[in-house]
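Take a look at this one chain, the form predicted on its own, written out in structure tokens.
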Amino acid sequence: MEASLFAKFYNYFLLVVKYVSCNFKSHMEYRGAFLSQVIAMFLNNSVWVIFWVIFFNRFPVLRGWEIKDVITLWAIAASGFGIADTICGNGLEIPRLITRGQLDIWMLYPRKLLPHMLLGRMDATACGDALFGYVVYIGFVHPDILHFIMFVALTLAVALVFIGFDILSGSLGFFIGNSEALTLELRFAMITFSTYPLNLFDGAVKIILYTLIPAGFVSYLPIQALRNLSLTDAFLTLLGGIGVILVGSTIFHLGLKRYESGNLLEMRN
């Protein structure tokens, strides 16, 4: 049983590696456009870091948070989001695929639909987010080896949160028709709340940020884990990511029963 489970996990890992490799090679055919998108996103994120540096020069502490905490928050959020959409870029396209009946082509694959569909596309700008997070964390925080290892692990856990939320918000299209605008707003909300200290929010808002919009697993627990080298907070972050993935996948498969195929004929190699 354990050997079978390990073999299944290993096979899916190889599938991820193969898809990422193919998607990256595809982008490298137009490397000028790819690099320009990566650099543009890196610079866009840098503007926000400059804003926070200026802010903390005037107000050194914000409800217990210092400049390194906010830089770490931005680094984790950007890296997690970047890893998620670099590997599973089609998560951003779920509402469009549902509305246009374009899930059909992913149903032709021998394995389950959801992994193939998610892995089928790489978002070039997300590579800039991932790179930005690591460069900023190393450049501003100067972590020791233990903090850096935990940072890497936390960015992967946060990536699960973003992937799960992409699935969950995108699956609304199964139930309400064209949900592209609503899904986009939900994702903007997730990103916005993920880049502000959770200490700024109180009461019912905090409950929302661990449930409907699970930004608390990005903007609080990972920071606490790195502050204290807390394995408990790191584990809770991972559990949050797995939980969001499971909820998103469940909603997706429930909605898939309502899916109506399109009449678009398309082939993929």
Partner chain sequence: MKHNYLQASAKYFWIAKITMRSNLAYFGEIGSRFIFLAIILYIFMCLWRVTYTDTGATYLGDFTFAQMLWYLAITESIILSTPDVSQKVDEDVRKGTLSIHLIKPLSYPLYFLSMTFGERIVRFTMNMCVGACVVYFFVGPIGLSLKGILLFSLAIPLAFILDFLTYFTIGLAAFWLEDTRGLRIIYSRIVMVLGGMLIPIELFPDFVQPIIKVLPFSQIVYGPAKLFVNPSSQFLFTLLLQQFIWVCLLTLFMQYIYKLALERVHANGG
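Positions refer to the first chain, counted from 1. Quick caveat, the model's predicted, so the values are computed rather than measured.
Another form exists, predicted in complex with the partner chain; not displayed. Remarks below refer to it.
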query: Residues in which of 142-150, 87-95, 156-164, 182-190 have heavy atoms within 4.5 Å of the partner chain in the predicted bound form?
result: 182-190
query: Can you check whether Tyr196 is within 4.5 Å of the partner chain in the predicted bound form, heavy atom basis?
result: yes
- request: Check whether Ala234 has any heavy atom within 4.5 Å of a heavy atom of the partner chain in the predicted bound form, and answer yes or no.
  value: no
- prompt: Going by a heavy atom distance of 4.5 Å, is Glu29 a contact of the partner chain in the predicted bound form?
  reply: no
- request: Answer yes if any heavy atom of Trp48 is within 4.5 Å of a heavy atom of the partner chain in the predicted bound form; otherwise answer no.
  value: yes
- prompt: Out of Ala40, Leu229, Leu212, Leu239, which one falls within 4.5 Å of the partner chain in the predicted bound form, going by heavy atoms?
  reply: Ala40
- request: Would you give me the residues of 31-61 that have any heavy atom within 4.5 Å of the partner chain in the predicted bound form, in order from first to last?
  value: Ala33, Ser36, Gln37, Ala40, Leu43, Asn44, Val47, Trp48, Ile50, Phe51, Trp52, Ile54, Phe55, Asn57, Arg58, Phe59
